[in-house]
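We begin with a single chain expressed as structure tokens, specifically the form predicted alone.
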């Protein structure tokens, strides 16, 4: 049986269960503030890349509930009151959303998105916002790490067939390009990403012909601008590369191939095979032929292959990128920080799960002399930093660890996205987001970008916010 998806119902039941109570108990219009944040960087890394905001905007703009939706809810959940279902039928987001722009480097505990809206509205949007942000931020971060280790080589996202469904592959491809990938194999993304999809050939294409040589000849004949030949179907060095050389030399002589040609290796000892293949190609006068590698690549393997001197200049990365293989969940959370003007925090025996209260914003502090990021400071919304005066920051737990900063400037990270329910944000293009991330990484010290044991970036609380948190903790005892 075919079921049409209802994205407005793609949420957790408890959002509606709580909303049903709020509406009947007179709390629906209480103004609430929620923060989306992460508690740790993924992949044991030193930073995270914000992504997914454009899809959050699309979701909020289109969010509504039809009579068919409420009838379905009533059928399956008779405990839902008519007054609550009527509320849903007239639902329109009326609040505000501030967010950190996509492509910005972020760190644990600082709000990626800040929602301020009537309580029921702020609650209903939680699950979908988290689903979007958690997924794309995770994949963008993984891609950024891979790009970092590729050291300027082309990286292509090839993971759709291993993604957790085609929707995850579609938006994962978007996030991968934000993270720095040149392109993706996903044809569906071409309009969204404003760039053509990328790809070569499969082993089955070669096997469908009587000989590998014939397969290569036919492929180059019909794909002169994408003449990348997969050379490991039978024997990479004794058959694949020699056959590719033969086809390339003839095509070049006939003027059928001018640029963008090369080989792809998808199995075996990539360091050894690429080195030997490079020698063979160069000896044949094909110095401009590229060598593309695939085969379960990630940042760790790419770094290792480069350290071995592999002659690879283009990387097709699939499974371990699109599934975030070594960290399959970002773990971003959506926590209440204020209700009806009263700051709130969640108390826990685990210090890392104690939230920061109040209506907050984030300053990033840069050194004037080099434009490098020094630290982030989370403050209450009404706080202003006087950049003409020295700034003292301190560790939010080990408060004796202090740092005096002079000769600096600051940038607020949260920007307005929705005001009074109306979108006020112009989404940048994917290329602009990708460039923004490049700029962000240039302003981040190498110690924070290390793949293993990165230095911990400082995210501190203002004295006013820290004092508020301590008072609320004391009151909770």
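Positions refer to the first chain, counted from 1. No experiment lies behind these values; they were computed from the predicted model shown.
FYI, the form predicted together with another copy of the chain isn't displayed, but the following is about it.
The closest heavy atom approach of residue 394 to another copy of the chain in the predicted complex falls outside 4.5 Å. Mapping the unseen interface onto this chain, residue 20 counts among the residues with a heavy atom inside 4.5 Å of another copy of the chain in the predicted complex. Not displayed here, another copy of the chain is approached by residue 323 to within 4.5 Å at the level of heavy atoms in the predicted complex. Taking non-hydrogen atoms only, residue 138 approaches another copy of the chain to within 4.5 angstroms in the predicted complex. Think of it this way: in the predicted complex, another copy of the chain has a heavy atom of just one of 238, 90, 207, 369 within 4.5 Å, and the residue is 207. This chain appears without its partner; in the predicted complex, the one residue of 328, 309, 341, 255 with a heavy atom within 4.5 Å of another copy of the chain is 328. Only one segment in the set 280-288, 146-154, 188-196, 103-111 has any non-hydrogen atom within 4.5 angstroms of another copy of the chain in the predicted complex, and it is 188-196. Contact with another copy of the chain in the predicted complex holds for none of 67, 360 and 379, as no heavy atom of theirs lies within 4.5 Å.
With contact defined as any non-hydrogen atom lying within 4.5 angstroms of another copy of the chain in the predicted complex, the contacting residues in 12-41 are 12, 13, 14, 15, 16, 17, 18, 20, 21, 22, 24, 25, 27, 30, 34, given in sequence order.
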